[in-house]
Structures are given as structure tokens and as C-alpha cells.
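Taking the form predicted alone, here's one chain by itself in C-alpha cells.
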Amino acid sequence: MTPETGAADAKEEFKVVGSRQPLVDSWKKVTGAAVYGDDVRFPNMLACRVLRSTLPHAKIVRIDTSRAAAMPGVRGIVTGADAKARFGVLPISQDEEALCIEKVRYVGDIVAAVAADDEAAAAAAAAAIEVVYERLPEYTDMKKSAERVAAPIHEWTSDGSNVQKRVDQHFGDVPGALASAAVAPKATFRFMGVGHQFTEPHAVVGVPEPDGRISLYTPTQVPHYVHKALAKVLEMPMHRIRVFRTAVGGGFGGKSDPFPHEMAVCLLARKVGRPVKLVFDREEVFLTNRGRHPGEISAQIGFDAHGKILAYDLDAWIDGGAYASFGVVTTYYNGTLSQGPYRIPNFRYSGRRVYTNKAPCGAMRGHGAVNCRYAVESVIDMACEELKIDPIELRLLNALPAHTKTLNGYRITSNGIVECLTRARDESGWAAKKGKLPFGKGIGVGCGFFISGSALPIHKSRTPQSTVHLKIDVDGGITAHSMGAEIGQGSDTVIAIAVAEILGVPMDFIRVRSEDSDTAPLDLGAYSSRGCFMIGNAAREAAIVVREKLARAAERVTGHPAGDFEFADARVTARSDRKVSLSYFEALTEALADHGAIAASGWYQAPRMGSDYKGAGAGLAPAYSMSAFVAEVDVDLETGIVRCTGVWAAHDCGRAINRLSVEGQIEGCVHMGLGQVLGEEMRYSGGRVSNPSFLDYKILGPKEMPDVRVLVVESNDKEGPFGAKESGEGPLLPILPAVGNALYNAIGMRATSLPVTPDQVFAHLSKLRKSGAGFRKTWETGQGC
């Protein structure tokens, strides 16, 4: 990996912003000091195991826990009778239960939970619980599940089917535009579900406090939403519940729901009066899932003879599994996040998310935008072939400008898509390779467009979406409190950089506390690429308040106007007279006099934006990131194995607050995206996951990673903190279509079913071999497609 420096650094003078900073929590992780869920220990702690459904869909006739309760070491058992309230991450689809009450909806649904002296005793007791089921029809095919059925998975679906959400949007005149198009290629793409596959399994501890409160220790991405769900399920006010976010060993969206197992351990802890701990095995992580939805997307795009886009027509079928999770948002995003990075004058989208008796799907990195992006970018390349226009030139022709609005009302502020495309083109040697590589080797391009935070909170409220408190006392250290969930993406480090930059102090002056709901102000969590944009802005604003207090203190000491002071190198110095200067500690001492500790708050709330049509809020963001990737592939013509050998990853992140972190996030996105396009899939046998282990679920190993050249493009967004936008999810989108288009360039195979497996490629090559002399000539001359 060779990082490239963007041009924006020379335009602004920053001391810390734009540098390469190790994450502030990295030392804890490399020394083993970080406390993960499985590291949490309390005196008299019990072990928990859960009983899961073995049937995809069935009524619970009877649960008998008497034999299990009498077994040695068993201290408590809870079932659906102990918690009647339903919950969920979205207020409009609260369809989950802490433990199944009347029926089970997939293989893996939690029916009961046991607390015992050790795991073996808890597991034996869970196995001894007798459950009598009455089988119900099983719905594992999403299209059949969308028809009127005998026994819907959830009773509140309105038309007797298992369709959870329908979205239909039409802007402009799509039929007319397609009729007038010079070319209008169309294709249907099918996607297997994939999971987050984080290293750390779910591991949670529920603790009954001596004063009657309940504490939950959990590796969550969304402490606030877990807090709200616990209050509902436990029927306790939020101030009587404490949520402590342990170190998170990978999330990627897989820990952004409140989960039934979090509710269960708290119910058990309250019932038995002792701490209760539950650690999943890997199969249970697969069953909990919340990964990327399987589905089918049909895309047709019309172009005029010069390559201008005239219309998009998209249709999506989305297999949601047994519960809603973020599904309403997913259904909108599959269409609306196709609106960029191109100008689209006419747009139509139809989407359906369907309940099935499979493990529930949810939010995964690049939520809702990855599969539709593959479809759109593939069809664009199909048009390029028909029109005989270079794929990068056509994308440049249709690129959205900065400071505009999309057809559906998205406000585009900064926009580096043109620079992304040109840099990826130039750095990859595109002109010398496209159509000129030997048969079996190919090059392709794909673009991306993603949100930098969601402009609208999940729960409608005037409360800021992110708040940061700063506290400074006599020791001079600056403690930043935030509930922004640090999950490895670097949000704690963004807080530290923002504060250090504004106050002109070294990074080691800053200590970030972002774990405990008792001490941290509200933040909505690590999802929708909120962290850098929203937490960074809140931290910056809090630091500005502190800076003003220190500047007024310096004015009292020196008599020099507060507005003339600058902060750098742990000193407060007058710009107009460099001799007027105090150390940071001298200014602090004066600021503390007669007042005590300095406290300040900063907050972020997205500006009002958007239109008033149904669904207008879906995908609204204060800023959008843009990406363009070029990928090279090498196909083994004997085995059908596809290797990605090189990636030129240009991503517009606004401004790179921490260049090291931006580069790492882009590389991680490349790895995750390559996994989905070249191997990863959750396979089902009926309603049962058939490959719930890392032996059978294929993740790319280190030796399968290509050379990745990260090209950081800085468009300097006027509303982002120091100009920053997101870089943790958007860079996932372009890698899939870049590889798919490169594969077509290599062997003429348009991959319409992901993942692309060697047997698919081998079948295509075998068909070419049988086609006769034309194929042999292509093979022998080495001419690419």
C-alpha cells in the first residue's frame, strides 16, 4: 500500500489535523489492557446459556423449565413470560422480543435463558428445557413469502403477505426517457447474504447494582438505543439503567441493534440478584446475523447517443429474514443512494423488504448501498460497450457538480468525484491497459456515493445528535466525555485531535471517556458514518468554548485583548505582539481562579434540509462522500479462480483529519468488499444456516489481498469538522463493481450473481472453449475484451 497525499494540506495551517496519528486507544489493544466483553469479571458472577429454536417457524405450545430448574448449579431461568414488551432499533418496527413469547420465527430464535454456576451447568440446563411446538408454514423464498400466505411471520403485515416494507418512488418521466434513449441496457443481479464476521463474538454481562439499578456491559455500537430498549423491556426508567460499552472487537454494523441476548442477561441478573455473563460461540454469531441482505436488483439505465444519462429504473427484492432491524431504512437506501455521484434527470425505484424464516438481516458497512451500487455500475459499463465510450470518460461526463441538489432533494455540498476519477485513471495507467491486456487479465472502474451521517435521528427529537463535554481541572489534563461508540473506526481519536488542534496542546493532554452512560452525554452511536462528521463537530465546538475561557483568562493576566490570542505548542500568544505570551498552564490557573474546574459542552445537530414527499428523509445527510476505484484482476484460465491484483482507491473524504486512519479505513473497505464479490456467502439449507463457521465461510486471507494504492482526495467540506467527511463505509461501494467490470474486461463474463465463484467462471470459460475458432483465436492472440 502506497498512500498518496492530497493537495488540500498546503491550503490550511494545522498542527494536528491532517497528520498521521495512532489511535488513542491503540496502546490498550496492543498491550492487552483493553477490556472486551469476555474480559469483564465480577464476584459471584454466573454463566448464561440460551436455548434456541430448532424450527424455522412454529407456535410455542408449552415450555417446561421444571427439570432444568432442579439441576445442580442452576440459579435462574427466564422465558418469554418474564418480558412482554417488544423492542427494535427503529420506533416504527418494534417486532423483537427478549425471549420468544408465542412463536419462533427462525432457527436460532432465543426461547429461554439459564443462569448457572458455570457454562457447562447452564448449557446442560438449557438443553433440559422442554418446548412443545406446533409447526407453521416455512417461508424461505422471498418472492413466495411476498404472496398472500396462510400464517404470516408477523401478524401486523397489512395484506396477508410477509412484505415488511414497500417503497415506490418516481421522479420525472422514466418511461418517456427510456423510450427516447439511444441505448438502455438492463440486467438483473442476485446477491447472497454476507455477515460482518468480526473477530470478537457477542459477549455481555448484566449486573444488578446494590441500589436496585441494572448495569449492562456490552460491545455495542449504539449504547443509546440499547439503553432505550432496556428501559422498555425491563419496564424501568432510563436513569435506573447503566449501559457500559466495552471495547469492541469489530462491529461493521453487526452490533448496531439492541439485541435479545442483551435483554435476557439483564432479566436474569435482576431475577437472581447476581451478575450474569453470556459469551456466544461462532455459530451463535452467525445465527444472530444482522448482516447484508440477500436480494435481487434489476436495473435499467437509459443514455443518449453521447453518453448522457437520461433515466434510472430500479427494482429491488430484499430478503430481510425474521425481524425488521434497520429494514425500513434498507428498503429506501437500495434506491435513494443510487442518486449519486451522477446527475440523473429521471428516476424510478420500486423496493420490497420481505420477512422470511431465516436469520435476521440488518445494517452492514455501506448499509443499503452496496448491492444497488454493483448493479448500477455494471449496467453503466454495459452502456459504455454499446456506445463505444470509455467507462471513465462516460462517468466524468455525468458527474454531479459540487453545490447542487439531486433529483430527490439531496443537498450536495463538497464533491471530489471528478478528481477521484482522474486520479484513479492516471495512477492506474488506465489508458495503457483498458482493452489492451491479454485474455484473462482485465481492468475495471466503479464509483461510490455515501452519506456522512444521517441528517434525521431515528427517534424524532430536538436533542442534538452528538454532544461532547470537556472538563479541565488543576492537573491540566483535558477529559472529553462522549457516548460516541469507538468501534475501531477512530472516533475517540477524532475527538482528541479536534480538542488538541483548537487548544494548541499535545495529544497526550487529552483523555477520552466514551464508555459509560452515567457520565457521557448523548450520542446516537456508530452507524451511518456519523462519527467523524458529527462527533468531530461537537468536540470542536466544545473546545472553542474552552479556548474562549482561556483567552479571557489571558486577557485578565496581560491586559491584551482576548480575541488576539492564538493557541499553539501549549502556549497562549498574542498574534500582534509575540512577546505577550503565557503557557497553557498559566492561562488555566487564572481561568480556574474563583471558578473551579472548567466545563464546556459542544453539540451537533444537522441543518434542516430535504423535501416533503413520503420517504424524503431517507438518505438525507449533511454531506456525501464520493469514490472512484480502478481494479485489476487476473483469471486462472484452468481453474476459474479470480484474483484481484491491484486497486487504485480514490476517495473524497473532505479533509483527512487523521490520514493514517483514513488510509486504514479505505484498505479495510477494499478487503471487505473483495470478500463479498469473490467468496463470502451465507448458505442456507431450508431455514438453517449451513456454513456457520470460519472453516466453511470464506473470508479473504492476507495473501489474497491485492496491492492497494490509497489516493486520498480532499474536497474540504464547509460543514464538516475542519472540512472532513466520512471514510469508513463509502470506500466499500466501488470495489465490488470495479472487480466485476474488470472481470468482464478480462474474459467477457458479466457477473450477475455474487459472489463470483470459480465454478461460475470455469463454466463461462468452458462455454467459450466450446464456441470454436473465435474463442481459440482470442485466447491465442491474448486479446482482452
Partner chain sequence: MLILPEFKLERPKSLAEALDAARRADGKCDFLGGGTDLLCNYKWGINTRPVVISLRGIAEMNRRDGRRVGGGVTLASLERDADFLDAFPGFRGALARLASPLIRETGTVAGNILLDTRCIWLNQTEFARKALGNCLKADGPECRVVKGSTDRCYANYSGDTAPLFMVHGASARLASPRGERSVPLTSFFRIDGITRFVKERDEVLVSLDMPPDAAEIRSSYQKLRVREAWDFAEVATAVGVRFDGPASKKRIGELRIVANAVASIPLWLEDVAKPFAGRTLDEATIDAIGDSVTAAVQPVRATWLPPSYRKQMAGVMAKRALREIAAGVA
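Positions refer to the first chain, counted from 1. Note that the structure is a prediction, hence the values are computed from the model and not measured.
The same protein also has a form predicted together with the partner chain, omitted here; what follows describes it.
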Partner contact for Val107 in the model of the complex: the partner chain, 4.5 angstroms, heavy atom: yes
4.5 angstroms heavy atom contact with the partner chain in the model of the complex for Leu695: yes
4.5 angstroms heavy atom contact with the partner chain in the model of the complex for Thr639: yes
The partner chain contact at Ser53 in the model of the complex, heavy atom, 4.5 Å: yes
Listed residue that, although the partner chain is not shown, lies within 4.5 Å of it in the model of the complex (heavy atoms), from Glu283, Asp475, Glu147, Asp569: Glu283
Heavy atom within 4.5 Å of the partner chain in the model of the complex - residue from Val272, Leu234, Ala182, Val279: Val279
Candidate stretches 156 to 164, 446 to 454, 631 to 639, 591 to 599 - the one whose heavy atoms come within 4.5 Å of the partner chain in the model of the complex: 631 to 639
Contact set, 744 to 772 vs the partner chain in the model of the complex - heavy atom within 4.5 angstroms: Pro758, Asp759, Phe762
